[in-house]
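This document starts with one chain, in the form predicted alone, laid out as structure tokens.
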Amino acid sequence: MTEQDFNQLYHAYAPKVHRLCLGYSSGDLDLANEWLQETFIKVWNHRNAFRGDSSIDTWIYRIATNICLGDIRKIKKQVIVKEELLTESITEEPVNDEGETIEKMYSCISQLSEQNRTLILMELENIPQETIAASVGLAHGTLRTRLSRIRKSLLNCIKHGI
């Protein structure tokens, strides 16, 4: 892979990978940017290791997902919630309806299992279901069933907070 090939790859996939990372970071733009950068550094560093067993987009999404999930696990181990921080977050100014709905959606997505979160974030990015199935090792029919259940669960969570 030449530098020019990499640049084309970056411009083709960076926006989708960024939105995927944004979903994992629950809207934290700085964290999403960090994960995006880390993803493409890893793509560049391992460009010669890509064997073509899967499509290039499947490989990139898998790298991004692994980076996001790995950091989330690290963050969960390090987080100690203090009462002062909870009080401050409750008194934040209200956001507009659209912003509130998006915030609810990210909150509901963050409550999903790691695999379900990966599936729905990739679905929201309009990544083809065949690519998603290949990325996570599911049969296409199983993926469709799971996505349907996840969508119903998210809708219920957004509407009723359940």
Partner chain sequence: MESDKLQELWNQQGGKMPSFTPDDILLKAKKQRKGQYISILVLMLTVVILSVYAFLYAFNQWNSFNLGLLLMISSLVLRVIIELLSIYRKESRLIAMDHNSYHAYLKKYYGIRRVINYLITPVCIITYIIGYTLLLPYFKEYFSQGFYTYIQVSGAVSIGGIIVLILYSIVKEERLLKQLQSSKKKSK
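Just so you know, these numbers come straight off a predicted model, no measurement behind them. Positions refer to the first chain, counted from 1.
In what follows, reference is made to the form predicted together with its partner chain, a form of this protein that is not presented.
Although the partner is absent here, residue 130 sits far enough away that none of its heavy atoms falls within 4.5 Å of its partner chain in the predicted complex. Although the partner is absent from this view, residue 55 stays clear of its partner chain in the predicted complex, with no non-hydrogen atom inside 4.5 angstroms. Although the partner is absent from this view, residue 141 stays clear of its partner chain in the predicted complex, with no non-hydrogen atom inside 4.5 angstroms. A residue is said to contact a partner when one of its heavy atoms sits within 4.5 Å of a partner heavy atom; residue 63 meets this definition for its partner chain in the predicted complex. Of the residues in 1 to 21, those that come within 4.5 Å of its partner chain in the predicted complex through at least one heavy atom are, in sequence order, 3, 6, 7, 10, 11, 14, 15, 18, 19.
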